[in-house]
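As a starting point, one isolated chain is supplied in structure tokens, in the form predicted on its own.
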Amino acid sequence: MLTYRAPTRDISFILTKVLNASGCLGRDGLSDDLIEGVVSEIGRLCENELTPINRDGDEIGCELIDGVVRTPPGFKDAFRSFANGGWIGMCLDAEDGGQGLPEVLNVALHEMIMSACLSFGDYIGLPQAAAKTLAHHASGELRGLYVPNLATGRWGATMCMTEPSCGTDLGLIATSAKQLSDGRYTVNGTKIFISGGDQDITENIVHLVLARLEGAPAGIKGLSLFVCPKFVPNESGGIGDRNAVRPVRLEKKMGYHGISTCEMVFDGAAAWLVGEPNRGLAAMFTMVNTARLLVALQGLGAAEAAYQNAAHYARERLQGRSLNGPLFASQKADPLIVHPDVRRILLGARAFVEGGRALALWLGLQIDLSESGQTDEARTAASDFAALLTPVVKSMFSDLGFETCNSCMQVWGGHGYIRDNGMEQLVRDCRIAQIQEGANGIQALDLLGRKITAENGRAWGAFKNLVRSDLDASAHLDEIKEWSARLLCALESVDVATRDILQRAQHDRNELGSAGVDYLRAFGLVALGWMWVRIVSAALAGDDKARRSEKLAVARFFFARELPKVEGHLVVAQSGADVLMALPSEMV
């Protein structure tokens, strides 16, 4: 059975020493002590409330009984603990029922949730994302009614986009909406793969639905966003009549069993327009981009849990002898941890998890600064960075999360394949992250086709300058001079490849799709290397000798074993679209 110890010490180190979150944000009352206290409390909650229910979430899962979804044992109580602690609305303004804490702390919250019980995360993340979306785009009346109820955990939420014939191509959405004489709307259609589509955790569920008004333009330009509650609020804001929306099926999934994944039917359901007609996709993408970061944290959190359990097993399991002769002569065999290939797996996991943690928290900090930066220039730069790095983090973290869980299962040998030990659950649970909120191939196309070129490459240029600046700042540190030089070369290689791919794409747009996945991984490895330079720099500046030794050792592994993969990915990315497209479709 899986165990989990929240890495609060490392998260606090990243936030306070590597990123200097309190200094960057400059908020009244936000201090290193507050950050460490929040992280510690969240870690305690995840260990005590979520780890014990993870197994039942997988083995028992959700059930659809008489039109209502029943969640696994313990999920309702755990949700209430998070709601009562104010963690659902932690980043919302106090006037909306929140605590006014920065988004970067929400990143820490969700990493730990995903490690302790991955399938629980959407029950927290969806109302957070819905509240943020409504706070930004809804009218004052809608905001006043819905956002506080979402922030306090009284009401849950969903994001209703996908349909039986419409996945990534949202222009194919067929769900329709019609305006009534009293200003309300009715919604008709079917949505599938809806996380949390129904549940018995909250008293109401707020569905945010993309639909097409009568006479609206075809494609994505004709989509509007509607709020469609499970129970229509009465005049006092309480629970009123049941709305004409219902779950008709629970999907049977590979993993991720603790979250209800529903097919939902809207049969003339009462709804209210959010924002302007035919501008729904822009509003919905506030929720989508929030969700993409949370999906990245599914991969990161699962990898942390996999690493912890694999490392513990490798220290305890006796198997074989060291290649240089017995190290524990009094025992019948040496522990697995003495074997180089086991070390390769564990150090690879740790290099991703600790570097990825820093990158995810840095991205959360950019989201904060995009709203609270002291100048227009600072807010624009942070917004650019958030847009540029979101597809990188979503795609790479979900890929590496799955790869890490799979390789850590290998450490357990045959015992990893046995359900009782829990390692195979991590593999099954985190596999969804590579698919949901935009499959990873789409993220790669978004990065190379949109984000890199936006505003004449402004964000990409700023990112390169930021990395170079940090490398210059650490140039005096003897311990990392060589690593910084390698990273600078890798950054320049990505820059050259960027220009080459974009130039060829002017004649054949398939070059973007052909190069995208490998280009994104190369970009992501450079970003992880940048974080490792910052991590080691902060560790060297501190007086914790054990941390310094550990960080130097893991960074050494990263720069020797992971960063060199950049060149291989770029060779593939620049191999040309014809390699993929020359064979006729009927012969593929």
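These figures come from a predicted structure and were not determined experimentally. Note that residue numbering follows the sequence shown and begins at 1.
Form predicted in complex with a further copy of the same chain: not shown, discussed below.
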Problem set entry | Triplet Y4, K76 and F120 all within 4.5 Å of a further copy of the same chain in the predicted complex via a heavy atom | no
For this session: Flag S165 as yes or no: does it have a non-hydrogen atom within 4.5 angstroms of any non-hydrogen atom of a further copy of the same chain in the predicted complex?
Result: yes
Problem set entry | Residue contact check: F285 to a further copy of the same chain in the predicted complex, 4.5 Å heavy atom | no
Exercise. Can you check whether S370 is within 4.5 Å of a further copy of the same chain in the predicted complex, heavy atom basis?
Worked result: no
For this session: Using a 4.5 Å heavy atom cut-off, state whether E111 contacts a further copy of the same chain in the predicted complex.
Result: no
Seminar exercise, completed: Checking E41, D33, E63, E550 against a further copy of the same chain in the predicted complex, the residue with a non-hydrogen atom inside 4.5 angstroms turns out to be E550
Exercise. F82, W155, F226, Y256: which sits within 4.5 Å of a further copy of the same chain in the predicted complex by any heavy atom?
Worked result: Y256
Exercise. Since the chain is shown here on its own, which stretch among 93-101, 228-236, 347-355, 207-215 would lie within 4.5 Å of a further copy of the same chain in the predicted complex, judged by heavy atoms?
Worked result: 347-355
Exercise. Can you name the residues of 492-527 that have a non-hydrogen atom within 4.5 angstroms of a further copy of the same chain in the predicted complex?
Worked result: D508, R509, N510, G513, S514, V517, D518
